[in-house]
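Next up: just one chain, as structure tokens, the form predicted alone.
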């Protein structure tokens, strides 16, 4: 299996505080990898380092084959990113957002036009193409944001709690898009607070107080912790946490 994320003892310190401590993991091409942890566990800090947005204090990492210290621009060109808090410009139309982010990701005008039309058709947004994104229901915004994040066919897409606040049906539809992207070879690195979504991941890790305390498939973790659900596994690990955001 091709490794697209590889870290060794990746660490981020702020003075005496260690936000992420000696994280070592490998994630493979086309894998759906869940990155879990309670508030304050260090997930966001770790993800920012992997995206090239924050320089580690120590340790090493390669993202899509590029070193996060020396090749941050190449890293950024080969990844997509979607956040629950901000992913689209609400005062731009659907198509304007597609054009804008297509340009940011380095696509030419022809590619943007063709991929944009295909995206709108796939999502069933033909009648909404010229509407402001701010007027769309949250579920449509989230599906559009994900599709825009992979418009340039990145090797990896980082999803930071992408389904927060949407209803269960829309969450299920969103995960259908994730599966389709993974089938095309895009690696999905996703954080979520929904433990039923953790079950959808091929493998996942659980962070506690800046440390990766568990890393395996959902079924293996449930067996290891004698649990019937990922909720039980998460609570078993997270209830010993000493810090919170």
Partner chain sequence: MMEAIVLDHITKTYGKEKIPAVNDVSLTVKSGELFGLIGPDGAGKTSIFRMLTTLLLPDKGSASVNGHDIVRDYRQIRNTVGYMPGKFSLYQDLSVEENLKFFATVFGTTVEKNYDLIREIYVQIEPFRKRRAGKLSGGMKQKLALCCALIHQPEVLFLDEPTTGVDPVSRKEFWEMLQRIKKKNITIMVSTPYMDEASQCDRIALIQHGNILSVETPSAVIRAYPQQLYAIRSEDIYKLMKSLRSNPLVDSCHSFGEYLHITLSEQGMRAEAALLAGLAAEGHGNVVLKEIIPGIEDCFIRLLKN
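Numbering follows the first chain given and starts at 1. Nothing here was measured: the structure is a model prediction, and the numbers come from that model.
Not on display, but discussed next: the form predicted in complex with its partner chain.
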(request) Could you tell me which stretch in 206-214, 58-66, 35-43, 22-30 has residues with non-hydrogen atoms within 4.5 Å of its partner chain in the predicted bound form? (result) 35-43
(message) Quick check on residue 129: any heavy atom within 4.5 Å of its partner chain in the predicted bound form?
(response) no
(message) Residue-level contact is defined here as any heavy atom of the residue lying within 4.5 Å of its partner chain in the predicted bound form; does residue 9 satisfy this criterion?
(response) no
(request) Report whether the minimum heavy atom distance between residue 171 and its partner chain in the predicted bound form is within 4.5 Å. (result) yes
(request) Flag residue 231 as yes or no: does it have a non-hydrogen atom within 4.5 angstroms of any non-hydrogen atom of its partner chain in the predicted bound form? (result) yes
(request) Could you list the residues in 164-193 that come within 4.5 Å of its partner chain in the predicted bound form, counting only heavy atoms and keeping sequence order? (result) 164, 165, 166, 167, 168, 169, 171, 172, 176, 179, 180, 183, 193
